[in-house]
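First come two forms of one protein chain, each written alone as structure tokens, so that there is a structure 1 and a structure 2.
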Structure 1
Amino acid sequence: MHVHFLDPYHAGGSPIHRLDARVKLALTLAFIITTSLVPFGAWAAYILLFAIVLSVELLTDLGIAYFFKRAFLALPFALAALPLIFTVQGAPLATWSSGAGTFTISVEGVERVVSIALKSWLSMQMAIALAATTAFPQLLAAMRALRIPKLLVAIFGLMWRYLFVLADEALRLLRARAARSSASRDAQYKTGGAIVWRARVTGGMAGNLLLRSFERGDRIYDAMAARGYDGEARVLPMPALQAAQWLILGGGLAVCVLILLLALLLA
């Protein structure tokens, strides 16, 4: 029993796959910051950003549908922004009255909500592209290159390694619960029980999972100590970035700056 669906990485040989993880991570962050900085309603800039996202997606060989499907998962959050169409003041788009009062939808409000949803959707797709084309160990190396403390990166690595092991264990616990609760179906007991009882059972499973993790953590430490671990995080140095990769990094950053300038000029 293996939890494979957890790992979003799709092995491949596309140009995006081959791009150095350090460059990929830096450019993804730059893209997302740029997208966040573009003012509301600067549609030309959004089109450019979308063109970039689309090109990257096409280059990954994963199929655009993969990105679109996953990116829409974030859109429900956009509902939180929806009331802005009423609350942002501006040129009225539509007005109606009801018992509670008069509601006015403003052009600026709609513009803002659409912009927020677009920003989120575009950023999300870039993040998906990063995760889908970069094996996690390379991502760890990229994190170190971005000066994230080595100790923290080491803990990230351990967490990722045991994510799968523990997700398997969690799944086993859930299966065991499912097996037991169907056994009592035909008895006269109320199936499922009260919410509090269900919560306590779930809590028991969480406790069980934590207990196993504590024990495993101790054993892992023993295994590390057996090979000379002394508390310091040590890794082999990374090879220097090649000229071509530097070029892509510089080019990507320049494009981000240009889009921002354009957006500010238009706004």
Structure 2
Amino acid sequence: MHVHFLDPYHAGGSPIHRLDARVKLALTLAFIITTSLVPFGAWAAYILLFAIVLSVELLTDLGIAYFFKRAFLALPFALAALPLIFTVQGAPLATWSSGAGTFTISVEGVERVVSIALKSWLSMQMAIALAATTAFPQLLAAMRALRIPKLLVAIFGLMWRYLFVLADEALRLLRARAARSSASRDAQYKTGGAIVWRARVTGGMAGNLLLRSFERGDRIYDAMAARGYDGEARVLPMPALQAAQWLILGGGLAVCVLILLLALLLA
């Protein structure tokens, strides 16, 4: 089976791969919600959540490094919380003065920023585990089974499909540019123009990409409508969950509730 380079799914036979997509989606959502609700500074709860993430990653047979490297993409977004170390009131950790005024780093502010970064990192790892072990069509079917609004599921499906359309059109433009370009092997000869010229060429390519994506999207939709598409993808009903899958689902939800209660008690 051909797999697009943008598709994070990795086929395999691990226990996580074999688990029903509905169970994986429900437990992933429960884990992310639990992580977001854990109070700031509940380090014992964070350790338990991290242990769960590590266990899942080990069961996927993809290697912990695979998840760690990709999960760090969430940390730059967590930097938006960095000003909290100065704005949250609490015990002063460090203070210094400058021409603009006095800045104080509070212990509570650092605790909050670190907690937000950990929450983002852990949630991203669990989401990556779900995407890496579950094919996207199975995820869409699981969303329908969990009674997620049909319009929202249709938006997810079309967004995913047209992401690949956009990537394919971009690759065609890059191949066309490479076919019409030349490069000198002599280092003293510089190919291409100045920065302004390169920016103009890049802007033209971006506009061309947008127009070509719209045109191809219209052709794809016309083809879908000609085959009976009316806004909802019809699939065969998923089989009923087995007793073992219900047990895993119930046990996972119970663990999330217990961790959240522990965090609230220790807060």
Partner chain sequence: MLAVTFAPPVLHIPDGFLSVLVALSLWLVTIVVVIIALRRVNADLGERQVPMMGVLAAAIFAGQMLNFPVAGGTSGHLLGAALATILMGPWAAVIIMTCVIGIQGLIFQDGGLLAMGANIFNMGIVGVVITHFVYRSIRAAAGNRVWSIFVGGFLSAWLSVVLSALITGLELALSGTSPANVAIPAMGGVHILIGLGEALITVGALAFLYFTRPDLLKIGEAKPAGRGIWLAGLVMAIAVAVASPLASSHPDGLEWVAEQQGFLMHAQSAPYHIVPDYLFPGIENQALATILAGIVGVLVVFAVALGIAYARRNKNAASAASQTQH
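If you're wondering where the values come from, they're calculated on a predicted model, not measured in any experiment. Residue numbering: sequential along structure 1, first residue numbered 1. Just so we're on the same page, rigid core means the largest C-alpha set that superposes within 1.5 Å between forms.
- Between the two isolated copies of the chain, the first is the form predicted in complex with its partner chain.
- Positional change of residue 153 between structures 1 and 2 reaches 2 Å or more at the C-alpha, relative to the superposed core.
- After superposing the rigid core, the C-alpha of residue 55 moves by less than 2 Å between structures 1 and 2.
- If you fit the rigid core between structures 1 and 2, you'll see the Cα of residue 226 move by 2 angstroms or more.
- With the core fitted, the CA of residue 201 sits 6.9 Å away from its counterpart between structures 1 and 2.
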